[in-house]
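Next up: just one chain, as structure tokens, the form predicted alone.
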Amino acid sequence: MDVVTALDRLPKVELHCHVEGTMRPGTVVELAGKNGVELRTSDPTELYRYSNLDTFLEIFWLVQSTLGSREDWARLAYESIVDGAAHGLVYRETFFTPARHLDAGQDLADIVAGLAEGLAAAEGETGVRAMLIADIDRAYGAAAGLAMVKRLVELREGASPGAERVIGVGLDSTELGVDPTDFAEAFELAGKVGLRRTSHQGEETPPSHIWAGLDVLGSERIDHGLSSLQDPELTRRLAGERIPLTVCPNSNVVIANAVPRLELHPYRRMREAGLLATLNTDDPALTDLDLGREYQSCMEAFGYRWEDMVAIALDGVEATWLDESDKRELRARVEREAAKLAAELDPPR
């Protein structure tokens, strides 16, 4: 077995993947036609070219806009997990960002129920386990973010269908010109009711935004965190407290244009500094990517060995919000299957 195939089959966790960014191009076209969304082309992949995060978001929002009903969300979630499972995904904590749909009149209850239905169907078919993180869209402001969290609390307290799948809240969308501390009230409420917290910080912003994510928002993970190495004190804290960073190297090249080439990405330096930096795809359908290729391309770009990639996969398990029993079980599975794959490698590792 060659190492590319082995990496594709290696059991992997993903903690930074936006479900809307996994939508198949064919599904984009079908849902656009169904819901009256005009596309400039019959092949949406022609639109998938980005000069920075904000130009990417224009396309992301277009893809999002094709989701018009509970059934659409269910289809999206189902296909997302089926596609991930084909490349070694075994567990995912996946983002969804409903602000635009809520603003257009959709009910969060229907969105959550649809996503949960799709995830359950995919779990039954693939064995992959998946949970949800409700992301606040920075572009809609603090009031909308707080309203979303309040509604989510209502759904959880009322045992609304699928609400148990939502285990945390996050913060995404445009970073530039937005103060993360504006969302402190929403994050405080989320923490009070037992929701886990993470936030996109440091992709296009300085270390001060990562500090704010930790100390003001109470984030237990940081999504991206590229600028963390610019602040030695921050690096020491992240490493010392084992605060996970959900890094998306290929996305940082293709979407944010944060670095010109993958081999120039700081990922290897992040891990050498002791950071719990995991590997993730971010928006794989919008970047022609999958989790197996994320691992394979990073192995090549950073000069890693098979053992390094297994260690990264195991760090992904550590960074999850699973309970300790489930973590032990998943870690054992990764170690067991990694050993079998290593024995089949040519030459064996």
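Predicted model, so just to flag it, every value in this text is computed and none were measured. One-based numbering along the sequence shown.
One more form of this protein exists, namely the form predicted in complex with a small molecule; it is left out here, but the text below deals with it.
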Do all of Arg92, Thr278 and Trp321 end up near the small molecule in the predicted complex, with near meaning a heavy atom within 4.5 Å? no
Assert contact residue (the small molecule, in the predicted complex, non-hydrogen atom within 4.5 Å, options Ser173, Ser227, Asn250, Ser160) equals Ser173
Checked Asp110, Glu117, Glu203, Asp72 for heavy atoms within 4.5 Å of the small molecule in the predicted complex; positive is Glu203
Answer among 288-296, 301-309, 40-48, 56-64 for heavy atoms within 4.5 Å of the small molecule in the predicted complex: the stretch 56-64
- Could you confirm whether His18 comes within 4.5 Å of the small molecule in the predicted complex, counting heavy atoms only? yes
